[in-house]
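Take a look at this single chain in structure tokens; it is the form predicted alone.
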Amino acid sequence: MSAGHRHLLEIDDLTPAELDRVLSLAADPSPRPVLAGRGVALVFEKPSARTRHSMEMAVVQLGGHPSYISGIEVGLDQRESVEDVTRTLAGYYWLIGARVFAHRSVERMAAVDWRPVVNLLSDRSHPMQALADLLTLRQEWGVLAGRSIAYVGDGNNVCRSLAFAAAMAGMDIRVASPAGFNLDDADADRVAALGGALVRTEDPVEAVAGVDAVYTDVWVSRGEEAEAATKRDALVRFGVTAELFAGAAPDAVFLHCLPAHRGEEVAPDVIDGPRSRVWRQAENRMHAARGLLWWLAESAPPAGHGALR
């Protein structure tokens, strides 16, 4: 069988140079049909709007065929093991994308190594969102190095991937979260190893002061319903209000990975205001996905259709 495929489980599975190349391909308005005759399996344990449609259209724009597969169809570790599902899909598809509850699931898929595996979201990371975030900021500023971004709220999977991506791009990042909800020391060490400067604080005002971009996410994600009351109580001071946003640079932009809960993690006049870039950011999920798939196809094109040789 084939081996040694490139996988994207977290954004720093790319080198900084590869990340730059992916973003450049994402910005190319004339994609080549590098996936002609190839299928892409999209496994969704967790349903999604942006992830599903951005991935499907990215595959189509590259000439390929996307197949949406709900979690109940494959039953990871219920009907079949993660490994057996991966081996089966590898016989049909050029690449497997998976949106899963547990990060360990995509690690196990990648360990099979019969096809490239892309993490469409896990409890630990969201590299596809980070690609769209950087693409949006690059469109805004041109050069990312030397810029700064503040993330306010729960130090979750989106925050973690954003921090790593920002470090790789030469940006400074500040994360404001309540005690117990910030990035941990291992995350901080990883940011440092990527050459970034990470500031962790419990003060949103300190985090936002003078930055070029402010980012937030929902306080309670799907699968965290049992923790909803506790998280909302802890995060009540961490909503991005107009007053808080005013502390950023005069031309700062606002980002949110969506869906948004207006009046909770962000005020309506911020997310719907003139400096919000959330809809460009949402569209860029498709362009970023196309850039990644294009790069994967050109960097290690597989021979034939099946996984077995």
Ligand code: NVA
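Start at 1 and count along the sequence shown; that's the residue number. These figures come from a predicted structure and were not determined experimentally.
The following text describes the form predicted together with norvaline (NVA), which does not appear among the structures shown.
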- prompt: Would T136 sit within 4.5 Å of norvaline (NVA) in the predicted bound form, counting heavy atoms only?
  reply: no
message: Would you classify V270 as touching norvaline (NVA) in the predicted bound form, given a 4.5 Å non-hydrogen atom cut-off?
response: no
- request: Please run the contact check for A169 against norvaline (NVA) in the predicted bound form: heavy atoms, 4.5 angstroms, yes or no?
  value: no
task: Answer yes if any heavy atom of A165 is within 4.5 Å of a heavy atom of norvaline (NVA) in the predicted bound form; otherwise answer no.
output: no
message: Just to confirm the contact call: exactly one of 27-35, 61-69, 270-278, 250-258 touches norvaline (NVA) in the predicted bound form at a 4.5 Å heavy atom cutoff, so which is it?
response: 250-258
- prompt: For this chain shown on its own, do H126, D217 and S221 all sit within 4.5 Å of norvaline (NVA) in the predicted bound form, going by heavy atoms?
  reply: yes
message: If the cut-off is 4.5 angstroms on heavy atoms, which of these, L121, V152, I96, I149, is the one near norvaline (NVA) in the predicted bound form?
response: L121
query: Which of these residues, V158, A176, A213, V106, gets a heavy atom within 4.5 Å of norvaline (NVA) in the predicted bound form?
result: V158
